[in-house]
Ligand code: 9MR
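Listed next as structure tokens is one chain, alone, in the form predicted on its own.
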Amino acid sequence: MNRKYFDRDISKLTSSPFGIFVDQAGYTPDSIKTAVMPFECSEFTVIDEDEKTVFSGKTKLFGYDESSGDTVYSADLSQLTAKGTYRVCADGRTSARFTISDDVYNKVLHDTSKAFYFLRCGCGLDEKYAGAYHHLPCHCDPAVLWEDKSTFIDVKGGWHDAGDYGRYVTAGACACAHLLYAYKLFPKVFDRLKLNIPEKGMPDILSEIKYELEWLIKMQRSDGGVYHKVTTMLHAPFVMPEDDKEQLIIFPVSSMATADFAAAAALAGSIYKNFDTDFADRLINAAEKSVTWLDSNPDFIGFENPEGCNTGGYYEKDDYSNRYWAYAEMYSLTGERKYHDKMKALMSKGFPLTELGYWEIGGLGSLAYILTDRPKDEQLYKQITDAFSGHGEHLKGLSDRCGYGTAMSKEYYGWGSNMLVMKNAMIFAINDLICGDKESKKYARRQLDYLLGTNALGISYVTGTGEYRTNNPHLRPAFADGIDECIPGMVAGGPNGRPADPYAEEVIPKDTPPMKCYADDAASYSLNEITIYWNSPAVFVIAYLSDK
């Protein structure tokens, strides 16, 4: 792809107009509020919209932060609880605006949740629901089966997975699970969340997830195996989705896709039975069919792109954690002991018990077991909760050693680092809600603060949120629609200390600290792509922090 295609200034790097970094969405009155200054200063003030000083104090020296290369000072704003809009000032520099309010997360929760609607495939987006971002129907023609070119199947629907127009089962199942568990744990948050989407009759977030689940069901073969993905052979150019006319291809069944589908369908079936019994029955029947396939196919069936295909591979080295998740969800759904025994047997394979996807997915199986009302093995339950507690303590240490509060060491800043930040926040949330570690909420909030501006670049990584924010993600419709302001609610991949595309390598100077290896440039997929499973943990975390 020619760089000139993007018509961007390749010398442009992300450079904040603000010298003091805060969560640009803001803070609830009772929360810990921290501003970060990457420069020497001893005092700070907070001003309101009339530029009147409402709070002041002394800064605290954190010291050198390895991931950012900054010597960091911080200002504790926690005693400021009056509702309003403010800026922090120090040494002639200022922060972006931030708000203190009880409902400070409402907009960013709405936007990150509504983002899935804007990624719908197989339909048009009506102006009534999409506003300026409406477009014509896309990818509605039947797809051809890779293994039998005479067979065409209707697989329209679901969400475009990332910056491209591909749809991938393992990624979709993971994103659905994050959202379904968010609903399961914080139903009141979503019961009042209105997304302005066409469907009615249940909470909007469940209607949106249902759109993806309907597509996932279409990807199930008659014997219960599930096709790995549906894409064209090559990534589309940066055109609107309705202008991508290449032949869609359904690629072969994988055991990872089958297990992840079974798990997500079982989890969804248990939730939708309260809203749509017919749909819940379809999900449960589909889940049972896929676990039967897994039982009949015990060996790992991976996936590799065939020669000439460059769309996402979503490769995995084994399927142990995938099967573990599937059996855990089936045990939670049915209470049948055989699923409990199969889940327990897989734990000897040594996969992480707390990873939340997509590459390792065992944490979702663990969450299913922790939350189930079915009889539990006391020793097994303790093993799982101890794993979450231990993971959380490790992450606390990383957060405490970072000047920006991020539970990351420098080598963790890779492709999609913001996904890892949000998954770490999920671990903190689980430890708060399930393991009783109330201190974890503070650490979860730090991770969201990072995402929304308390980072070494002072940028909000969510489109549409904050005074200084990402706006040029690697997302085809956002580039091709010709609208200057990006579709709101998209979580950018974020800093990547190992840039993996020619555009990133061109604009990121060598030896740049990893937390600063980012440019808001649509050309760079390894820095600025979006994906459904980067948005979904963010939705979970924001809902958790919004829950009253």
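Residues carry their position along the shown sequence, with the first being 1. Nothing here was measured: the structure is a model prediction, and the numbers come from that model.
A second form of this protein, the form predicted in complex with this ligand, is not displayed here; the remarks below concern that form.
Peer 1: Evaluate residue 164 for contact with this ligand in the model of the complex, applying a 4.5 angstroms cut-off between non-hydrogen atoms, and reply yes or no.
Peer 2: Residue 164: contacts this ligand in the model of the complex.
Peer 1: Residue 215: heavy atom within 4.5 Å of this ligand in the model of the complex?
Peer 2: No, no contact at 4.5 Å.
Peer 1: With the partner left out of view, is residue 415 within 4.5 angstroms of this ligand in the model of the complex by any non-hydrogen atom?
Peer 2: Contact with this ligand, yes.
Peer 1: Can any non-hydrogen atom of residue 533 be found within 4.5 angstroms of this ligand in the model of the complex?
Peer 2: Yes, residue 533 is a contact residue.
Peer 1: Is this ligand in the model of the complex close enough to 70, 497 and 518 that every residue in that trio has a heavy atom within 4.5 angstroms of it?
Peer 2: Per the other structure, none of 70, 497 and 518 touch this ligand.
Peer 1: Counting only heavy atoms and a 4.5 Å cutoff, which of 133 to 141, 392 to 400, 367 to 375, 310 to 318 contacts this ligand in the model of the complex?
Peer 2: Within 4.5 Å of the partner lies stretch 310 to 318.
Peer 1: Can you pick the one in 168, 327, 461, 261 that has a heavy atom within 4.5 Å of this ligand in the model of the complex?
Peer 2: Result of the distance check: 168.
Peer 1: Find the only residue in 358, 443, 116, 86 having a heavy atom within 4.5 Å of this ligand in the model of the complex.
Peer 2: Selected residue: 358.
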